[in-house]
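A single chain comes next, written as structure tokens; it is the form predicted alone.
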Amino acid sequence: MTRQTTERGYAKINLHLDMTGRMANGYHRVETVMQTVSLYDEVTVTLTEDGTLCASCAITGVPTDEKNIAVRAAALFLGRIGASEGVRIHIEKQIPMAAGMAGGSADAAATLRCLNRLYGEPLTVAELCELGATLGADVPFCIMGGTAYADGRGDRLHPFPAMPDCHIVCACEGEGVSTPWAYRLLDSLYDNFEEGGSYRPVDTDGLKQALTCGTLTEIARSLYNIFETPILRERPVAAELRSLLLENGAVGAMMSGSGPSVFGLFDSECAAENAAEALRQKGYRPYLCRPIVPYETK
């Protein structure tokens, strides 16, 4: 049996993110359209004889024990198939942390895909997604990749028109957003999303039509993120990054997830590179990427 393999864990951006209420279990009911982008972490999984599970990463702040979602993913997978080997996970991290781009979920998804390969693919992709959903709402999407509409907690995936090729500049600079805090902020603004409250969700029909037959400008006009306005009030650097992207040629720009990463859509590589250079001149680190469909699922 092969003892080591490597997988890329790809970042995501949200083209649409909204809340439509509360479920009986207390979770927010989410509607979102997610898109895989070519920015990735590289995850190497090695089976060991000592029975321990651990992770390593050169980036300060990445946990190496069960606090790391990739380690928890390994424990879950081994328990599911009844294996007793140890697992060592090494993460070469490029996706910004605590940024709303699913970096941790991408690492967990890559770990599950690696382990499934190492053990001869005992689980289907659907079964991997089922496991992943118990770890976090974004994990099933990170396992699947591409473009997808998701509802429930954001873990139930449905087909959606694919995003056309374009150039994307992402940026996130040192602010960080706690997801529980972001949800509490929304609850305080929108009557806790109780039935009959003041908030009215935004549907995805316009985005669906724009992705099906529209231009990049029409896609940009259809972007929506319920978190964006309240979070950008609290995260001035993210607000500046969004403004800089628009000022430097982005057809559209928006925050991803609960932030504070922002992304801009560009209709040419030259325009994207010029915007990235403008961010560098301000001392920020841009990430140039494109929408991708990374996996063949089965």
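These numbers come from a predicted model, not from an experiment. Residue numbers run from 1 along the displayed sequence.
Absent from the display: the form predicted in complex with adenosine-5'-triphosphate. The rest refers to it.
Peer 1: 192, 179, 217, 94: which sits within 4.5 Å of adenosine-5'-triphosphate in the predicted bound form by any heavy atom?
Peer 2: None of the other options qualify; the answer is 179.
Peer 1: Between the options 74, 150, 101, 110, which residue brings a heavy atom to within 4.5 Å of adenosine-5'-triphosphate in the predicted bound form?
Peer 2: By the 4.5 Å criterion, the partner-contacting residue is 101.
Peer 1: Spot the stretch among 225-233, 61-69, 238-246, 265-273 with residues whose non-hydrogen atoms come within 4.5 Å of adenosine-5'-triphosphate in the predicted bound form.
Peer 2: One stretch meets the cut-off, namely 61-69.
Peer 1: Please run the contact check for residue 16 against adenosine-5'-triphosphate in the predicted bound form: heavy atoms, 4.5 angstroms, yes or no?
Peer 2: Output for residue 16 is no: heavy atoms all beyond 4.5 Å of adenosine-5'-triphosphate.
Peer 1: With adenosine-5'-triphosphate taken in the predicted bound form, which residues across 157-176 come within 4.5 angstroms through any non-hydrogen atom?
Peer 2: None of them.
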